[in-house]
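Here's a solo chain for you in structure tokens, the form predicted on its own.
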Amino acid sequence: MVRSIEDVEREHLLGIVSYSMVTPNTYHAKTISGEELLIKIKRRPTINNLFKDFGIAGFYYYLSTPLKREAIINDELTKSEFLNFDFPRMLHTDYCSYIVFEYIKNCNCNLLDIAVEKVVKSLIEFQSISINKKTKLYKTASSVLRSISVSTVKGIVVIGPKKLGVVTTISAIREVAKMLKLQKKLKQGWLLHKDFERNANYLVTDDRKIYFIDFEMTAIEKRWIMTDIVDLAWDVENMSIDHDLITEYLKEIDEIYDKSIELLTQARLILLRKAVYFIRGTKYSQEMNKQIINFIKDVLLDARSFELWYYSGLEKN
């Protein structure tokens, strides 16, 4: 099994002359011919990160080989041509421990610099991709544990008593159960990225071309179809949401989505999931984490309070 960038070099003789780390398991490499590559290597599991940082779901996450999931998505993407978005081409992989991608240059723009209509069309085009039901993308060892509702509860339990308090933790779990009851399962699954942030997991080139990247968490979803658009629309630092983005998205999918979908319920659970994720991480300061915790307590755990927050922002727009 490949465990380092040197192993990838020995496997394919890529002519790598230098490389630098982009993330703990991703490298930007340059070859003797001047070609640039992006190389992802599966993180080696340790007792600490399997059980302390990720818990049981993390254990299954490693067993289900997330890079295999990403490689499968890239295989599926290459079967079609897309009008509104692109993706880095996969050059080599063993479908288990590493992937070598083409390196996308000149990505100095932000998605916020792109017209809302184009962003939405790109996302819907991605979500409409038809995935063969025989692929492992539909069922993996961790598919249930990493589902939207279950992963939200897991995150609440992890941060719970220490950061939210016992009473709030119990209340949060009850609210997730209530919101889950309100959502009907759709007949047709949507392909969701499930790992978007306002400034992460997409690239925008200088000529305004959108690339989606990092498909390790991508899954077929039949319930929480608003996940990607809400993730992209939420500005956690300002505790606000981009109503223009969501409104345009709903307009575009008006004829293809089930009208029984509870928009506000979907948005509330997805924001709760994301807020918990941010608190568990180390990206934000203690003061920022306090603001997120207050947002959970004061807004996300009460349907009426969330409606007031959401519609007050809509009126300002």
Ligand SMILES: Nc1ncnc2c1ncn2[C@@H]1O[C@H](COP(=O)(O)OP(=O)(O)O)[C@@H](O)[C@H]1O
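In this text, all values refer to a predicted model and were calculated from it rather than measured experimentally. When you see a residue number, it is the position in the sequence shown, counting from 1.
Same protein, other form: the form predicted together with this ligand, not shown, and the subject of what follows.
- Although the partner is absent here, Phe82 lies well away from this ligand in the predicted bound form, with no heavy atom inside 4.5 Å.
- Within this chain, Asn201 lines the site of this ligand in the predicted bound form, having a heavy atom no more than 4.5 Å away.
- Although the partner is absent here, Thr26 is a contact residue: one of its heavy atoms lies within 4.5 angstroms of this ligand in the predicted bound form.
- Mapping the unseen interface onto this chain, Arg69 falls outside it, with no heavy atom inside 4.5 Å of this ligand in the predicted bound form.
- The partner is absent here; in the predicted bound form, the one residue of Glu125, Asp86, Glu216, Glu221 having a heavy atom within 4.5 Å of this ligand is Glu216.
- A heavy atom within 4.5 Å of this ligand in the predicted bound form is found for one listed residue only; from Asp75, Glu102, Asp113, Glu117, this is Glu102.
- Only one of 208 to 216, 172 to 180, 149 to 157, 229 to 237 lies within 4.5 Å of this ligand in the predicted bound form by heavy atoms, and it is 208 to 216.
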